[in-house]
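Okay, here we've got a single chain as structure tokens, the form predicted alone, with questions on binding and movement later.
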């Protein structure tokens, strides 16, 4: 899902940075106000987990690969704003040190994987887990479904960014200057890959980790004591 340099035109990647930059500021401020000192190592582990799991690419027929992100898992444990910071950190390191995702496209990659995915996935998790006890199966099931839905919505957003490029930037002959795939190509390709393969990888990883923590470290799973939308970290 990492968008490389050269696939997005300036209008798209500048806009993406403009959208995500204020969200980074809000996430940083909210974490500084609410993150407890004992949760800092967990946030660092969340960023490391997201970094590592994104490096394991799953090949599929057609010559392409995909991966899990771990954003919803971090959101379940620390909240979506913390997941925004953790996944952003992982994406920055990958872009600067490993060339995985472009520098110009970093804002767009963070928008899809560090903002859209954890917030959507966390909302689904909350909807399913509700006010059930931490040991309830609704927690791991909600985390798994949240991971599946979050990754697919993020992939859909990425496909839209790709598909808009031929409309936004083309030469006099109508040839695309950046990503050449129109919406009618980008949307079904990204949707099928993530609905059939990569979304399940994300769901299995997220659900299994939450189920393990329920058995062996249930104190890491926050009990729901606030109304939806009140989580600040």
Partner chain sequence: MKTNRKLWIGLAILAVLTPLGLLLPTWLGAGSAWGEWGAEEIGKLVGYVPQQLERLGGLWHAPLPDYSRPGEPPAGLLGQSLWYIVCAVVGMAVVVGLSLLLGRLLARHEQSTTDMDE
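Quick caveat: nothing in here was measured; it's all calculated off a predicted structure. Positions refer to the first chain, counted from 1.
Separately, the form predicted in complex with the partner chain exists; it is not shown, and the next lines address it.
- Within 4.5 Å of the partner chain in the predicted bound form, a heavy atom is found for all three of 8, 99 and 176.
- Contact between residue 220 and the partner chain in the predicted bound form is found at the 4.5 Å heavy atom cutoff.
- In the predicted bound form, the partner chain lies farther than 4.5 Å from every heavy atom of residue 129.
- Taking non-hydrogen atoms only, residue 162 approaches the partner chain to within 4.5 angstroms in the predicted bound form.
- Although the partner is absent from this view, residue 192 stays clear of the partner chain in the predicted bound form, with no non-hydrogen atom inside 4.5 angstroms.
- Contacts between 180-202 and the partner chain, taken as any heavy atom within 4.5 Å in the predicted bound form, involve 180, 181, 185, 186, 189, 190, 193.
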